[in-house]
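Form predicted alone, single chain, as C-alpha coordinates, below.
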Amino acid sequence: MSALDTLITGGEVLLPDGLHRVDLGLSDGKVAGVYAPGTAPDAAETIDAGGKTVLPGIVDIHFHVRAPAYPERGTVLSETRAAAAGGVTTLFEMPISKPCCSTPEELARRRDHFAENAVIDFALYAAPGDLTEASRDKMMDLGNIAWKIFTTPSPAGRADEFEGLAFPDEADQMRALQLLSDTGLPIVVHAESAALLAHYEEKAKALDPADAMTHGASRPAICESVAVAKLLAMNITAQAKLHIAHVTSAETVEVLRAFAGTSDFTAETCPQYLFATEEDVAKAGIYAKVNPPIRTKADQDALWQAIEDGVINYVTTDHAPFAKAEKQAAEGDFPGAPPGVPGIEFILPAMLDAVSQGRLSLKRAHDLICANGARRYGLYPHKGALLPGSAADVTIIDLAAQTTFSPETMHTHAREVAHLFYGRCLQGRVVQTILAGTTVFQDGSVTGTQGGGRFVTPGLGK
(Lines give C-alpha, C1' and ligand atoms only; values in the text may rest on other atoms or scores of the structure.)
Protein backbone atom coordinates (compact mmCIF):
# COMPACT_ATOMS: atom_id res chain seq x y z
CA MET A 1 0.00 0.00 0.00
CA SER A 2 1.39 3.42 -0.97
CA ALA A 3 2.32 5.84 1.79
CA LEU A 4 0.83 8.80 -0.13
CA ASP A 5 -2.38 9.17 -2.09
CA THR A 6 -0.89 11.68 -4.51
CA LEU A 7 2.55 13.12 -5.18
CA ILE A 8 2.93 16.34 -7.19
CA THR A 9 6.42 16.44 -8.65
CA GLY A 10 8.59 18.64 -10.82
CA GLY A 11 6.92 21.99 -10.17
CA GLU A 12 7.76 25.19 -8.37
CA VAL A 13 5.67 25.12 -5.18
CA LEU A 14 4.57 28.34 -3.48
CA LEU A 15 5.31 27.94 0.23
CA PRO A 16 4.77 30.70 2.82
CA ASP A 17 8.30 32.02 2.27
CA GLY A 18 8.24 31.86 -1.52
CA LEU A 19 8.74 29.47 -4.44
CA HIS A 20 10.69 26.22 -3.95
CA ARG A 21 11.47 23.29 -6.23
CA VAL A 22 9.99 20.59 -3.99
CA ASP A 23 7.55 17.69 -4.26
CA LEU A 24 4.20 17.83 -2.54
CA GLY A 25 2.58 14.79 -0.93
CA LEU A 26 -1.18 14.55 -0.36
CA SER A 27 -3.07 11.99 1.75
CA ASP A 28 -6.49 11.80 3.37
CA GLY A 29 -7.46 15.22 2.07
CA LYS A 30 -4.45 16.98 3.60
CA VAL A 31 -0.89 17.89 2.77
CA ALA A 32 1.14 14.95 4.06
CA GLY A 33 4.56 16.43 3.45
CA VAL A 34 6.85 18.71 1.49
CA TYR A 35 9.87 16.80 0.15
CA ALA A 36 13.15 17.48 -1.57
CA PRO A 37 12.91 16.12 -5.12
CA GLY A 38 13.26 12.34 -5.21
CA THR A 39 12.91 11.81 -1.44
CA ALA A 40 9.13 11.37 -1.08
CA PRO A 41 7.47 8.05 -0.17
CA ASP A 42 5.65 6.04 -2.81
CA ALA A 43 2.31 7.41 -3.99
CA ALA A 44 -0.74 5.83 -5.55
CA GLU A 45 -0.89 8.66 -8.08
CA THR A 46 1.80 10.98 -9.39
CA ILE A 47 1.06 14.33 -11.02
CA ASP A 48 3.86 15.69 -13.18
CA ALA A 49 3.91 19.47 -12.67
CA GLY A 50 7.13 19.98 -14.62
CA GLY A 51 7.24 23.50 -16.01
CA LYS A 52 4.23 24.47 -13.89
CA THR A 53 3.71 26.35 -10.62
CA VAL A 54 1.84 24.85 -7.68
CA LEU A 55 -0.23 27.20 -5.50
CA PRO A 56 -2.50 26.78 -2.49
CA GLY A 57 -6.09 26.73 -3.79
CA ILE A 58 -7.55 30.22 -4.06
CA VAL A 59 -9.92 31.48 -1.33
CA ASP A 60 -12.40 34.10 -2.61
CA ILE A 61 -13.90 35.96 0.33
CA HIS A 62 -16.53 37.93 -1.65
CA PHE A 63 -18.90 35.95 -3.88
CA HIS A 64 -22.60 36.10 -4.83
CA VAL A 65 -24.81 33.43 -6.37
CA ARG A 66 -27.99 34.21 -4.35
CA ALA A 67 -29.08 30.58 -4.47
CA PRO A 68 -31.48 28.95 -4.11
CA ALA A 69 -33.22 32.07 -5.47
CA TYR A 70 -32.89 33.14 -9.12
CA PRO A 71 -31.62 29.91 -10.73
CA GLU A 72 -31.85 31.65 -14.11
CA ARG A 73 -28.83 33.73 -13.04
CA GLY A 74 -26.76 30.74 -12.00
CA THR A 75 -26.91 27.99 -9.43
CA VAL A 76 -24.62 26.77 -6.69
CA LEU A 77 -23.62 23.96 -9.03
CA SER A 78 -22.94 26.16 -12.06
CA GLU A 79 -21.05 28.87 -10.19
CA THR A 80 -18.93 26.57 -8.04
CA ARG A 81 -18.02 24.70 -11.22
CA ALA A 82 -16.89 28.04 -12.62
CA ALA A 83 -14.94 28.68 -9.44
CA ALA A 84 -13.12 25.36 -9.81
CA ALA A 85 -12.25 26.31 -13.39
CA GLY A 86 -10.79 29.54 -12.04
CA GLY A 87 -8.53 27.78 -9.54
CA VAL A 88 -10.76 28.69 -6.58
CA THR A 89 -11.21 25.95 -3.97
CA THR A 90 -13.09 27.93 -1.30
CA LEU A 91 -15.61 30.74 -1.66
CA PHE A 92 -17.45 32.91 0.85
CA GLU A 93 -21.05 33.46 -0.22
CA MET A 94 -22.64 36.81 0.62
CA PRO A 95 -26.06 36.98 2.33
CA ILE A 96 -28.12 38.56 -0.47
CA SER A 97 -30.77 35.97 -1.20
CA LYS A 98 -34.53 35.78 -1.36
CA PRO A 99 -35.23 36.03 1.52
CA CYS A 100 -32.10 37.62 2.95
CA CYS A 101 -29.75 35.41 4.91
CA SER A 102 -30.38 37.42 8.08
CA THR A 103 -32.05 34.80 10.27
CA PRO A 104 -30.85 31.50 11.71
CA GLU A 105 -33.52 29.69 9.70
CA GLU A 106 -32.35 31.12 6.37
CA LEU A 107 -28.71 30.53 7.22
CA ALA A 108 -29.44 26.86 7.90
CA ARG A 109 -31.48 26.58 4.70
CA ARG A 110 -28.68 28.05 2.58
CA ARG A 111 -26.06 25.90 4.29
CA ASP A 112 -28.00 22.77 3.43
CA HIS A 113 -28.63 23.92 -0.14
CA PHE A 114 -24.96 24.66 -0.75
CA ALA A 115 -23.90 21.38 0.84
CA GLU A 116 -26.09 19.46 -1.60
CA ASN A 117 -24.79 21.28 -4.67
CA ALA A 118 -21.35 22.85 -4.24
CA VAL A 119 -18.40 21.45 -6.18
CA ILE A 120 -15.88 23.30 -3.97
CA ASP A 121 -15.75 24.30 -0.30
CA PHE A 122 -17.95 27.18 0.83
CA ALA A 123 -18.54 29.47 3.78
CA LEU A 124 -21.58 31.66 4.40
CA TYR A 125 -21.89 35.26 5.52
CA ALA A 126 -24.85 36.27 7.64
CA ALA A 127 -26.54 39.65 7.93
CA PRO A 128 -27.20 40.77 11.53
CA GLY A 129 -30.96 40.87 10.96
CA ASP A 130 -32.91 42.25 13.89
CA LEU A 131 -29.73 43.33 15.73
CA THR A 132 -30.47 41.15 18.75
CA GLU A 133 -27.97 39.06 20.66
CA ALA A 134 -30.25 36.03 20.47
CA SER A 135 -30.34 35.98 16.66
CA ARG A 136 -26.63 36.82 16.45
CA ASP A 137 -25.67 33.95 18.74
CA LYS A 138 -27.87 31.41 16.94
CA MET A 139 -26.25 32.27 13.61
CA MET A 140 -22.80 31.94 15.13
CA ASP A 141 -23.77 28.52 16.47
CA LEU A 142 -24.62 27.55 12.88
CA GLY A 143 -21.14 28.59 11.75
CA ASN A 144 -21.38 31.79 9.70
CA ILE A 145 -17.90 32.83 8.58
CA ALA A 146 -18.48 36.57 9.07
CA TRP A 147 -21.06 39.37 8.92
CA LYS A 148 -22.14 41.72 6.12
CA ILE A 149 -24.04 45.01 6.10
CA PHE A 150 -24.84 47.70 3.54
CA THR A 151 -24.93 51.39 4.42
CA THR A 152 -27.35 51.89 1.51
CA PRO A 153 -31.13 51.38 1.49
CA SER A 154 -32.75 48.30 -0.01
CA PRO A 155 -33.07 48.63 -3.80
CA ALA A 156 -36.60 49.26 -5.01
CA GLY A 157 -38.65 46.07 -5.10
CA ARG A 158 -36.00 44.01 -3.28
CA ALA A 159 -36.80 44.71 0.37
CA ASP A 160 -36.96 41.02 1.29
CA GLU A 161 -33.48 40.40 -0.17
CA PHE A 162 -31.99 43.15 2.01
CA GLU A 163 -34.08 42.79 5.19
CA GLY A 164 -31.66 42.91 8.11
CA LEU A 165 -28.75 43.65 5.75
CA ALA A 166 -29.32 47.26 4.65
CA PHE A 167 -28.75 49.89 7.35
CA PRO A 168 -28.77 53.37 5.80
CA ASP A 169 -29.25 55.02 9.20
CA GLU A 170 -25.93 55.75 10.92
CA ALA A 171 -27.33 54.94 14.35
CA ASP A 172 -28.20 51.44 13.11
CA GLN A 173 -24.73 51.08 11.58
CA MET A 174 -23.23 51.90 14.97
CA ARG A 175 -25.56 49.43 16.68
CA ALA A 176 -24.48 46.73 14.24
CA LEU A 177 -20.77 47.42 14.78
CA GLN A 178 -21.15 47.33 18.54
CA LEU A 179 -23.37 44.24 18.55
CA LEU A 180 -20.94 42.31 16.37
CA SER A 181 -17.63 43.63 17.69
CA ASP A 182 -17.28 41.02 20.43
CA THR A 183 -18.00 38.06 18.11
CA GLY A 184 -14.44 38.13 16.78
CA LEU A 185 -15.74 37.70 13.24
CA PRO A 186 -15.07 40.20 10.45
CA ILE A 187 -17.82 42.66 9.57
CA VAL A 188 -17.76 43.41 5.83
CA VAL A 189 -19.44 46.62 4.74
CA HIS A 190 -20.67 47.81 1.37
CA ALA A 191 -20.01 51.48 2.09
CA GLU A 192 -21.81 54.22 0.19
CA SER A 193 -23.59 57.17 1.78
CA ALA A 194 -27.36 56.79 1.50
CA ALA A 195 -27.96 60.58 1.69
CA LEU A 196 -25.36 61.40 -0.97
CA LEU A 197 -26.59 58.60 -3.23
CA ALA A 198 -30.10 60.05 -3.09
CA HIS A 199 -28.71 63.50 -3.89
CA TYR A 200 -26.61 62.42 -6.87
CA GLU A 201 -29.19 59.96 -8.22
CA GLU A 202 -31.70 62.81 -8.33
CA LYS A 203 -29.23 65.02 -10.21
CA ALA A 204 -28.45 62.20 -12.65
CA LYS A 205 -32.09 62.03 -13.75
CA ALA A 206 -31.31 64.93 -16.06
CA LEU A 207 -28.58 62.92 -17.83
CA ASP A 208 -28.81 60.44 -20.70
CA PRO A 209 -29.62 57.02 -19.19
CA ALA A 210 -27.88 55.27 -22.08
CA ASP A 211 -24.56 56.99 -21.34
CA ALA A 212 -22.19 54.91 -19.23
CA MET A 213 -20.98 58.08 -17.49
CA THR A 214 -24.46 58.55 -16.04
CA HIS A 215 -23.94 55.64 -13.69
CA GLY A 216 -20.72 57.12 -12.33
CA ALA A 217 -22.38 60.51 -11.98
CA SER A 218 -25.18 58.96 -9.93
CA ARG A 219 -22.71 57.23 -7.57
CA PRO A 220 -19.56 59.40 -7.50
CA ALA A 221 -16.54 58.55 -5.38
CA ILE A 222 -17.59 60.98 -2.65
CA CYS A 223 -20.49 58.64 -1.79
CA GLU A 224 -17.99 55.88 -1.05
CA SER A 225 -15.32 57.92 0.69
CA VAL A 226 -17.74 59.67 3.05
CA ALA A 227 -19.37 56.38 4.07
CA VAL A 228 -15.98 54.78 4.68
CA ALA A 229 -14.77 57.75 6.73
CA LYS A 230 -17.85 57.62 8.93
CA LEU A 231 -17.53 53.87 9.47
CA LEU A 232 -13.87 54.16 10.42
CA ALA A 233 -14.69 56.99 12.81
CA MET A 234 -17.43 54.86 14.39
CA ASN A 235 -15.05 51.95 14.68
CA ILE A 236 -12.68 53.93 16.87
CA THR A 237 -15.43 53.51 19.46
CA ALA A 238 -16.89 50.15 18.38
CA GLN A 239 -13.50 48.42 17.85
CA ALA A 240 -15.02 45.82 15.57
CA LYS A 241 -13.07 43.65 13.12
CA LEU A 242 -14.06 45.80 10.16
CA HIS A 243 -13.49 45.08 6.48
CA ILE A 244 -14.35 47.58 3.73
CA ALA A 245 -15.64 45.88 0.58
CA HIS A 246 -14.74 46.72 -3.05
CA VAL A 247 -12.84 50.01 -2.72
CA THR A 248 -12.99 51.85 -6.06
CA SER A 249 -11.51 55.32 -5.72
CA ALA A 250 -8.46 57.44 -4.97
CA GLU A 251 -10.58 59.43 -2.50
CA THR A 252 -11.35 56.33 -0.44
CA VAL A 253 -7.71 55.24 -0.52
CA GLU A 254 -6.80 58.57 1.09
CA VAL A 255 -9.45 58.01 3.79
CA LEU A 256 -7.98 54.58 4.53
CA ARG A 257 -4.53 56.12 4.83
CA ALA A 258 -5.81 58.83 7.15
CA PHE A 259 -7.41 56.34 9.56
CA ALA A 260 -4.48 53.89 9.61
CA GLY A 261 -3.91 52.52 13.10
CA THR A 262 -7.14 53.81 14.63
CA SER A 263 -8.87 50.41 14.78
CA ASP A 264 -8.74 46.88 13.39
CA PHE A 265 -9.84 47.48 9.79
CA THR A 266 -8.87 46.12 6.39
CA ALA A 267 -9.94 46.84 2.83
CA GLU A 268 -10.34 45.05 -0.48
CA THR A 269 -10.68 45.92 -4.12
CA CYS A 270 -11.67 43.79 -7.14
CA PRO A 271 -10.25 42.92 -10.58
CA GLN A 272 -12.91 44.97 -12.34
CA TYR A 273 -11.49 48.09 -10.67
CA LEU A 274 -7.84 47.08 -11.17
CA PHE A 275 -8.11 45.99 -14.80
CA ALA A 276 -10.91 48.15 -16.23
CA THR A 277 -11.86 51.81 -16.36
CA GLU A 278 -14.99 53.76 -17.24
CA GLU A 279 -13.85 53.61 -20.87
CA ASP A 280 -14.19 49.82 -20.77
CA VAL A 281 -17.66 50.22 -19.29
CA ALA A 282 -18.63 52.50 -22.17
CA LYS A 283 -17.55 49.80 -24.63
CA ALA A 284 -19.28 46.92 -22.83
CA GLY A 285 -22.42 48.87 -21.96
CA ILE A 286 -24.80 47.85 -19.20
CA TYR A 287 -23.12 44.43 -19.03
CA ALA A 288 -20.24 46.14 -17.20
CA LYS A 289 -22.39 47.98 -14.67
CA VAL A 290 -21.33 47.27 -11.10
CA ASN A 291 -21.92 48.98 -7.76
CA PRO A 292 -19.90 50.93 -6.78
CA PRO A 293 -19.01 51.95 -10.34
CA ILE A 294 -15.80 51.26 -12.23
CA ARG A 295 -14.02 54.62 -12.30
CA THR A 296 -11.16 56.48 -13.97
CA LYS A 297 -7.60 55.54 -14.84
CA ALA A 298 -6.45 57.82 -12.00
CA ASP A 299 -8.59 55.84 -9.56
CA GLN A 300 -7.22 52.59 -10.95
CA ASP A 301 -3.66 53.85 -10.50
CA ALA A 302 -4.45 54.84 -6.90
CA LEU A 303 -5.71 51.34 -6.17
CA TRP A 304 -2.53 49.76 -7.49
CA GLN A 305 -0.49 52.20 -5.41
CA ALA A 306 -2.56 51.28 -2.35
CA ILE A 307 -1.74 47.62 -2.97
CA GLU A 308 1.94 48.45 -3.32
CA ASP A 309 1.84 50.46 -0.08
CA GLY A 310 -0.12 47.83 1.87
CA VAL A 311 -3.16 50.08 2.33
CA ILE A 312 -5.24 47.48 0.44
CA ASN A 313 -4.30 43.86 1.11
CA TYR A 314 -7.19 41.90 -0.40
CA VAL A 315 -8.47 41.39 -3.94
CA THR A 316 -11.83 39.62 -4.28
CA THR A 317 -14.16 38.85 -7.16
CA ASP A 318 -17.52 40.25 -6.02
CA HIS A 319 -18.76 37.63 -8.49
CA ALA A 320 -22.38 38.50 -9.31
CA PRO A 321 -24.03 36.63 -12.19
CA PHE A 322 -27.21 37.80 -13.88
CA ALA A 323 -29.38 36.29 -16.59
CA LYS A 324 -28.88 37.46 -20.16
CA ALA A 325 -32.53 38.43 -20.40
CA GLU A 326 -32.20 40.70 -17.35
CA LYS A 327 -29.24 42.57 -18.79
CA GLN A 328 -30.76 42.76 -22.28
CA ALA A 329 -33.97 44.21 -20.89
CA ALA A 330 -31.97 47.14 -19.51
CA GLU A 331 -30.18 48.04 -22.76
CA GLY A 332 -29.88 51.82 -22.90
CA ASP A 333 -30.79 52.23 -19.23
CA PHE A 334 -27.77 52.30 -16.95
CA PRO A 335 -29.77 53.45 -13.89
CA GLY A 336 -32.17 50.52 -14.28
CA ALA A 337 -29.66 47.83 -15.21
CA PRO A 338 -28.82 45.08 -12.70
CA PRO A 339 -25.35 45.62 -11.18
CA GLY A 340 -22.76 42.86 -11.29
CA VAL A 341 -20.25 40.93 -13.39
CA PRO A 342 -19.27 37.23 -13.16
CA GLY A 343 -15.60 37.46 -12.22
CA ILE A 344 -14.75 34.15 -10.56
CA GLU A 345 -12.85 32.80 -13.58
CA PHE A 346 -11.07 36.10 -14.20
CA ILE A 347 -9.39 36.82 -10.87
CA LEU A 348 -6.48 34.36 -10.91
CA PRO A 349 -5.48 34.79 -14.59
CA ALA A 350 -5.75 38.58 -14.18
CA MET A 351 -3.44 38.59 -11.18
CA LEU A 352 -1.02 36.24 -12.95
CA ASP A 353 -1.01 38.65 -15.87
CA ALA A 354 -0.10 41.45 -13.44
CA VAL A 355 2.77 39.28 -12.19
CA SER A 356 3.98 38.80 -15.78
CA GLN A 357 4.01 42.58 -16.21
CA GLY A 358 6.09 43.09 -13.08
CA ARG A 359 3.35 44.85 -11.12
CA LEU A 360 3.76 42.49 -8.17
CA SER A 361 5.39 39.23 -7.18
CA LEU A 362 3.63 35.88 -7.41
CA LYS A 363 3.66 35.59 -3.63
CA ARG A 364 2.08 39.02 -3.23
CA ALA A 365 -0.54 38.19 -5.86
CA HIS A 366 -1.41 34.98 -4.05
CA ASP A 367 -1.54 36.72 -0.68
CA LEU A 368 -4.01 39.25 -2.09
CA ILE A 369 -6.45 36.67 -3.47
CA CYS A 370 -5.96 33.84 -0.99
CA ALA A 371 -3.59 33.75 1.98
CA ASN A 372 -4.49 37.15 3.44
CA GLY A 373 -8.19 36.30 3.37
CA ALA A 374 -7.55 32.92 4.99
CA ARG A 375 -5.63 34.70 7.75
CA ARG A 376 -8.21 37.44 8.29
CA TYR A 377 -11.03 34.92 8.63
CA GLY A 378 -9.15 32.51 10.90
CA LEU A 379 -8.66 29.69 8.38
CA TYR A 380 -4.89 29.88 7.90
CA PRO A 381 -2.90 27.62 7.51
CA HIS A 382 -5.70 25.06 7.02
CA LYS A 383 -6.58 27.14 3.95
CA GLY A 384 -4.22 29.35 2.01
CA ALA A 385 -1.00 27.41 2.59
CA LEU A 386 0.69 24.18 1.51
CA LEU A 387 2.17 22.94 4.77
CA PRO A 388 1.95 19.54 6.47
CA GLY A 389 -1.58 19.30 7.87
CA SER A 390 -3.05 21.97 5.58
CA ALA A 391 -6.03 21.07 3.42
CA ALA A 392 -4.92 19.42 0.18
CA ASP A 393 -6.38 22.29 -1.85
CA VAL A 394 -4.05 22.93 -4.77
CA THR A 395 -4.12 25.01 -7.93
CA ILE A 396 -1.57 24.18 -10.64
CA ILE A 397 -0.91 27.01 -13.07
CA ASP A 398 1.12 27.52 -16.24
CA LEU A 399 2.76 30.93 -16.23
CA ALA A 400 3.91 30.46 -19.82
CA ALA A 401 0.40 29.82 -21.19
CA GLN A 402 -2.41 32.29 -21.81
CA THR A 403 -6.09 32.54 -20.93
CA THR A 404 -8.61 34.06 -23.30
CA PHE A 405 -12.16 34.98 -22.36
CA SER A 406 -15.28 34.43 -24.44
CA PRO A 407 -18.66 32.76 -23.92
CA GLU A 408 -17.12 29.61 -25.39
CA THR A 409 -14.22 29.45 -22.91
CA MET A 410 -16.05 30.36 -19.67
CA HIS A 411 -17.95 28.02 -17.35
CA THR A 412 -20.19 30.41 -15.42
CA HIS A 413 -23.90 30.31 -16.25
CA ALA A 414 -23.54 34.07 -16.79
CA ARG A 415 -20.88 33.70 -19.50
CA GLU A 416 -23.18 35.42 -22.02
CA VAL A 417 -23.15 38.64 -19.95
CA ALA A 418 -19.40 38.72 -19.20
CA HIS A 419 -18.81 41.43 -21.82
CA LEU A 420 -16.31 43.26 -19.62
CA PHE A 421 -13.89 40.34 -20.06
CA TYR A 422 -14.54 39.31 -23.66
CA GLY A 423 -11.50 39.35 -25.90
CA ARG A 424 -9.00 39.67 -23.09
CA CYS A 425 -5.91 37.51 -23.38
CA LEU A 426 -4.05 37.19 -20.09
CA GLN A 427 -0.66 35.69 -19.37
CA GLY A 428 -1.15 32.68 -17.08
CA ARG A 429 -3.57 29.76 -17.12
CA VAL A 430 -5.18 27.43 -14.59
CA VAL A 431 -4.23 23.86 -15.51
CA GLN A 432 -5.61 21.83 -12.61
CA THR A 433 -7.58 22.45 -9.44
CA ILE A 434 -7.48 19.96 -6.56
CA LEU A 435 -9.89 20.02 -3.61
CA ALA A 436 -9.01 17.94 -0.55
CA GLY A 437 -6.77 15.78 -2.72
CA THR A 438 -9.33 15.20 -5.50
CA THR A 439 -9.09 16.87 -8.91
CA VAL A 440 -12.12 19.06 -9.59
CA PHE A 441 -10.83 20.78 -12.76
CA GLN A 442 -8.25 19.74 -15.32
CA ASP A 443 -7.28 21.02 -18.76
CA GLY A 444 -10.52 22.86 -19.45
CA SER A 445 -12.95 20.32 -17.94
CA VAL A 446 -14.67 20.48 -14.58
CA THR A 447 -14.51 17.06 -12.94
CA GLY A 448 -15.74 17.90 -9.44
CA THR A 449 -18.93 16.30 -8.17
CA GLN A 450 -22.12 18.01 -7.10
CA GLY A 451 -22.15 18.10 -3.30
CA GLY A 452 -18.42 17.47 -3.06
CA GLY A 453 -17.74 20.79 -1.35
CA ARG A 454 -17.67 21.15 2.43
CA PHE A 455 -19.10 23.82 4.73
CA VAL A 456 -16.24 25.89 6.14
CA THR A 457 -16.69 27.44 9.58
CA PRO A 458 -14.54 29.85 11.63
CA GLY A 459 -11.58 28.56 13.58
CA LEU A 460 -10.30 25.89 11.20
CA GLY A 461 -6.89 27.53 11.23
CA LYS A 462 -6.42 27.21 14.97
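Position 1 is the first residue in the sequence shown; the rest follow in order. What you are looking at is a predicted structure, and each value in this text was computed from that prediction instead of being measured.
Note that the form predicted together with a further copy of the same chain isn't included here; everything after this is about it.
Engineer: Which residue, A40, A67, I47, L426, is the contact with a further copy of the same chain in the predicted bound form, using a 4.5 Å heavy atom cutoff?
Structural biologist: Checked against the cut-off, the match is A40.
Engineer: Tell me, which of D112, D169, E202, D137 has a heavy atom within 4.5 angstroms of a further copy of the same chain in the predicted bound form?
Structural biologist: Here the answer is residue option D169.
Engineer: In the predicted bound form, does each residue in the set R175, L196 and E254 place a non-hydrogen atom within 4.5 angstroms of a further copy of the same chain?
Structural biologist: Yes, the whole trio is in contact, each within 4.5 Å by some heavy atom.
Engineer: I'd like to know whether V34 contacts a further copy of the same chain in the predicted bound form, with contact meaning heavy atoms within 4.5 angstroms.
Structural biologist: Judged by the heavy-atom cut-off of 4.5 Å, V34 is in contact with a further copy of the same chain in the predicted bound form.
Engineer: Any of the heavy atoms of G332 lying within 4.5 Å of a further copy of the same chain in the predicted bound form?
Structural biologist: Looking in the predicted bound form, residue contacts with a further copy of the same chain do not include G332, since no heavy atom lies within 4.5 Å.
Engineer: With the partner left out of view, is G336 within 4.5 angstroms of a further copy of the same chain in the predicted bound form by any non-hydrogen atom?
Structural biologist: Looking in the predicted bound form, residue contacts with a further copy of the same chain do not include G336, since no heavy atom lies within 4.5 Å.
Engineer: Going by a heavy atom distance of 4.5 Å, is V446 a contact of a further copy of the same chain in the predicted bound form?
Structural biologist: Answer no; every heavy atom of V446 is more than 4.5 Å from a further copy of the same chain in the predicted bound form.
Engineer: Partner absent here, but in the predicted bound form, which of 220-228, 281-289, 336-344, 183-191 has residues with a heavy atom within 4.5 Å of a further copy of the same chain?
Structural biologist: Correct option: 220-228.
Engineer: Within 4.5 Å of a further copy of the same chain in the predicted bound form, counting any non-hydrogen atom, which residues from 302-320 show up?
Structural biologist: Heavy-atom contacts to a further copy of the same chain in the predicted bound form: nothing from 302-320.
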